[in-house]
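Below sits a lone chain in structure tokens, taken as the form predicted on its own.
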């Protein structure tokens, strides 16, 4: 269980999160929605201990990680695989070496074992054919898949964290990434996906959290989200669901 207990956080004078409390199970499929600058990615960084809250606590499986250093957080971070929006592949390394990087740095695997593991992971996300390509040779969708593969390389996570995984992708590639996210969660592993794209969120999740002005405005199902009469949410979901009951019934909670 991941617990944010009355968490507040600011970047300098700008308050991003205000007294946010939420609990998320490791097996849940959760999307955090909200506009730019509403603290969505900040929550992922807080969960990993990359940031420390100004107030409140963060507990991972009952362990209070608030204020702990990198050494103490290593075991906690190994519970997660995270794919940040920018992907951050090494431009000077091909796909194989990007995925192999952590295996070479943190394990004693032989070259043959590393190559076998890399091929296995790339096959699992559908891009084994790209193993010898450089990052600049990848399409946007392939780049995102390789980023996911690299996140999977070192550990078998209990939960995936995705930061805007479909941003900048065309509709076909965005749909493919949503399918991959859903497939990777079929063995009981949950995920937290941060996005501002309601259409993609509705394809993958069971639970939706909405942030507005640093506060938790909504926590519920897709159907409840689309039926919400909260003005801030109505404006946000109007793109995929104009006012009216038929749309909400058709779209709510529908997975890929």
Partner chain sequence: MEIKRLLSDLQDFYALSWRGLAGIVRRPFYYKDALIQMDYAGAGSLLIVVIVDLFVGMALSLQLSAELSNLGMKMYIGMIVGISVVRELGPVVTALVFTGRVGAGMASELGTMVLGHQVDTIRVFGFDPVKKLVTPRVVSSLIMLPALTIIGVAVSLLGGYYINVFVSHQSGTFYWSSIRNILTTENVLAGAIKPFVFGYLIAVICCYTGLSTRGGAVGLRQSTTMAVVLSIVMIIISDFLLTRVLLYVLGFSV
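In this text the structure is predicted, and so the values were computed from the model without any measurement. The term rigid core refers to the most C-alpha atoms you can superpose between the two forms while keeping them within 1.5 Å. Residue numbers count along the first chain shown, from 1.
Missing here is the form predicted together with the partner chain; even so, the following discussion is about that form.
Trainee: Exactly one of 215, 48, 59, 230 has a non-hydrogen atom within 4.5 Å of the partner chain in the model of the complex; which residue is it?
Mentor: Going through each option in turn, the one that passes is 48.
Trainee: Quick check on this chain: which one of 137, 105, 113, 170 has a heavy atom within 4.5 Å of the partner chain in the model of the complex?
Mentor: Among 137, 105, 113, 170, a heavy atom within 4.5 Å of the partner chain in the model of the complex occurs only for 105.
Trainee: Among 197-205, 28-36, 222-230, 48-56, which stretch sits within 4.5 Å of the partner chain in the model of the complex, heavy atoms only?
Mentor: Of the stretches listed, the one contacting the partner is 48-56.
Trainee: Please check if residue 89 has a heavy atom lying within 4.5 Å of any heavy atom of the partner chain in the model of the complex.
Mentor: It does: once the partner chain is placed as it appears in the model of the complex, residue 89 has a heavy atom within 4.5 Å of it.
Trainee: Do residue 77 and the partner chain share at least one heavy atom pair within 4.5 Å in the model of the complex?
Mentor: Yes.
Trainee: Would residue 150 show up as a contact with the partner chain in the model of the complex if we use heavy atoms at 4.5 Å?
Mentor: Contact check for residue 150: yes, within 4.5 Å of the partner chain in the model of the complex.
Trainee: Any chance residue 82 has a heavy atom within 4.5 Å of the partner chain in the model of the complex?
Mentor: Taking the distances in the model of the complex, the answer for residue 82 is yes, it comes within 4.5 Å of the partner chain.
Trainee: Determine, after fitting the two forms on their core, whether residue 136 shows a C-alpha shift of 2 Å or more between this form and the one not shown.
Mentor: After core superposition, the displacement of the residue 136 C-alpha between this form and the one not shown reaches the 2 Å mark, so yes.
Trainee: Please determine whether the C-alpha atom of residue 93 is displaced by 2 Å or more between this form and the one not shown following superposition on the rigid core.
Mentor: Yes: residue 93 shifts by at least 2 Å between this form and the one not shown.
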